[in-house]
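Here's a solo chain for you in structure tokens, the form predicted on its own.
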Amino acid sequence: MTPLAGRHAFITGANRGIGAAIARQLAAAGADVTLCVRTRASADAVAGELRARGRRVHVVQADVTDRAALTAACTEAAQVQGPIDLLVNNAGVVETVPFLRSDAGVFDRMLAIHLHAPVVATQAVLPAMLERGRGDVVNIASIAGLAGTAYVAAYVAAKHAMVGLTRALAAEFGPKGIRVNAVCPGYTDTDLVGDSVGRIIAKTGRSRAEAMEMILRDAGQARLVTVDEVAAATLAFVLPEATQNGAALPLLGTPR
């Protein structure tokens, strides 16, 4: 089944983790894929894998916090593979800093990647979507966009902004055929979580298992969310028969 045949998906942060998993699932559903990454070489493995499966894949290089570079990457992708039908704003990073030690730079960096970059990319692809009367934007937010978490105030604020942006764009452009949704995973089995566990171990002396248990307990999760679960939620939003618009879907790693 290739329900996305003929669709062009543009995915930021697509070289690993959640972004790579989304690229695989959208390509498996028939989409042509553009991988947007900071360094082209970092996407070689994913691009090669998808091409081996017979998919059209293009790689563009951009730091998503660089407005001009991200806009140029969207333009290049459309010139090579046709208008972008599916935009996935996935690139992200977290900085763990107590609030009283969080300077303006921390907030600026979190807002730059989680709010301003999705704004730039969406503004770049939306005109062509409106011309065709259809299109999808999926923002990979976080459960931190729906609830508070200690020591990551800037990240939480930025992810709340991403969810707010999702809902605002859904209200404005839904009547024009554009669906805008957000996936909000809890702690997910990625390098970012591995780094968080490492910091806990370094600061507290806990074992890796103890550190992981603490993270999951505090988040109310039974287990880590998998990258494939995030990718499956993304795919469900962009299928032709999908009807949700303005949703912010929490994924919390419920027991299997």
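Here the structure is a predicted model, which means the values were calculated and not measured. Numbers for residues come from their place in the sequence shown, where the first is 1.
Beyond what is shown, the protein has a form predicted in complex with a small molecule; the following relates to that form.
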- Message: Give me the residue from A121, V180, A91, A73 that has a heavy atom within 4.5 Å of the small molecule in the predicted complex.
- Response: A91
- Message: If the cut-off is 4.5 angstroms on heavy atoms, which of these, V46, A27, V64, V59, is the one near the small molecule in the predicted complex?
- Response: V64
- Message: Can you work out whether R38 and the small molecule are in contact in the predicted complex, taking contact to mean some heavy atom pair no more than 4.5 Å apart?
- Response: yes
- Message: Please tell me whether any heavy atom belonging to I18 falls inside 4.5 Å of a heavy atom of the small molecule, as the geometry stands in the predicted complex.
- Response: yes
- Message: So in the predicted complex, is the small molecule close enough to A141 to count as touching (4.5 Å, heavy atoms)?
- Response: yes
- Task: Answer for L192 alone: is it within 4.5 Å of the small molecule in the predicted complex, judged on heavy atom distances?
- Result: yes
- Task: Choose one stretch from 166-174, 73-81, 128-136, 107-115: the one whose residues place a heavy atom within 4.5 angstroms of the small molecule in the predicted complex.
- Result: 107-115
